[in-house]
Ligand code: BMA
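Next up is one chain by itself, shown in structure tokens, the form predicted alone.
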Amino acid sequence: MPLMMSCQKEVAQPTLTPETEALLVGLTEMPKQGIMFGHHDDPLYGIGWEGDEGRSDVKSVCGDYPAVMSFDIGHIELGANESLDKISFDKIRKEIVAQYNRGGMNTISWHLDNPTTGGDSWDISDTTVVASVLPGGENHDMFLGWIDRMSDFMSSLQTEEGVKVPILFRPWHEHTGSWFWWGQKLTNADDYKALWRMTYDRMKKNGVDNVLFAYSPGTEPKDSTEYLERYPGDDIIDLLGFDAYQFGNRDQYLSSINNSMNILEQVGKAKNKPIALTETGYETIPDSTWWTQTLMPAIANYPISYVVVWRNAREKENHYYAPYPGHVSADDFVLFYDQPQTLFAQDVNDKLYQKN
């Protein structure tokens, strides 16, 4: 095993593609322009529809696509044809390329299965899973194969001209909670960092050169020390964020966001890295003015590059986070869209990939 690790260290690390370097510059400079709005699985399905060409609940409400589209590739590790949300990877690939071609950004999360139990990401029945995939662990070789399949997918994201689409990858997220098998109470800090390092090194060994990496805990950290407790390293991470949802009342949400934003801004400045609200939302958005009176005040005063709300599920009732035509918050979302500070696809199509 030491010999294998030594050989891996001798492999030349691929440099980033020019387009991926440009995305990092764009993310860093974006707060001078405004805040990009994003939506998970936006062009794949929505309320009452699935797979319609060119359709998007966000676009149906405001006339424009989100500047950021988020996708998940859970089950790519299994060699499956469809993701955990039952979307073909060919379709996901097509929509990622389409978003890049319109000048927007793509970010990817990975809700991969539990390699020990065969359960999903939320299977927390075993506290030895992370240790089992690290070097020397019983699942290590299998897990390297999982990373290889994920790497192949990342490298397959290419335009017709052969340009690799830049991706902001967000694995091992919300680790400060304990609802994923890589979460706070399921592993220790050293093993969590080692999981990140192994993922990064293996992807680089596989020649992946079109991916930036995001670190996104939840709102649990109370200060910068707690935020960085399991931080894998400046050489790995390109963007800092956190995930936060509104579960209680407005004041509770705003207080939580404000606390986490202050930490995020502090760490971002110290490390000279762009920051973002990597996941947020209010399920079913029952507040008709949530966009302008809650979300906008939550983000307006911080130098974040983007904000992403979660998906509009077509297979679960009352599991949606963006408006659709006729929704109680649709009119307010148009007001949110009209704010000079919010950026959608048409706003960033000539800005995001500009090079210095």
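One rule holds for the numbers: they count along the sequence shown, beginning at 1. Fair warning: this is a prediction, and the values are worked out from it, not measured in the lab.
One more form of this protein, predicted together with the ligand, exists but is not displayed; see below.
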TODO: Identify which of His111, Lys193, Arg202, Arg102 has a heavy atom within 4.5 Å of the ligand in the predicted complex; exactly one of them does.
DONE: His111
Task: Sole residue of Asp72, Glu77, Glu95, Asp243 within 4.5 Å of the ligand in the predicted complex, by heavy atom - done: Asp72
TODO: Report whether all of Leu84, Trp310 and Lys316 sit within 4.5 Å of the ligand in the predicted complex, measuring from non-hydrogen atoms.
DONE: yes
- [ ] Give a yes or no for Phe247: in the predicted complex, does one of its heavy atoms lie within 4.5 Å of a heavy atom belonging to the ligand?
- [x] no
Open item on the list: Can you tell me if His327 lies within 4.5 angstroms of the ligand in the predicted complex, counting non-hydrogen atoms only?
Closed with: no
Task: Region of this chain that lies against the ligand in the predicted complex, out of 295 to 303, 316 to 324, 57 to 65, 28 to 36 [heavy atom, 4.5 Å] - done: 316 to 324
Open item on the list: For a quick check, can you give me the residues of 29 to 49 that have a heavy atom within 4.5 Å of the ligand in the predicted complex?
Closed with: His40
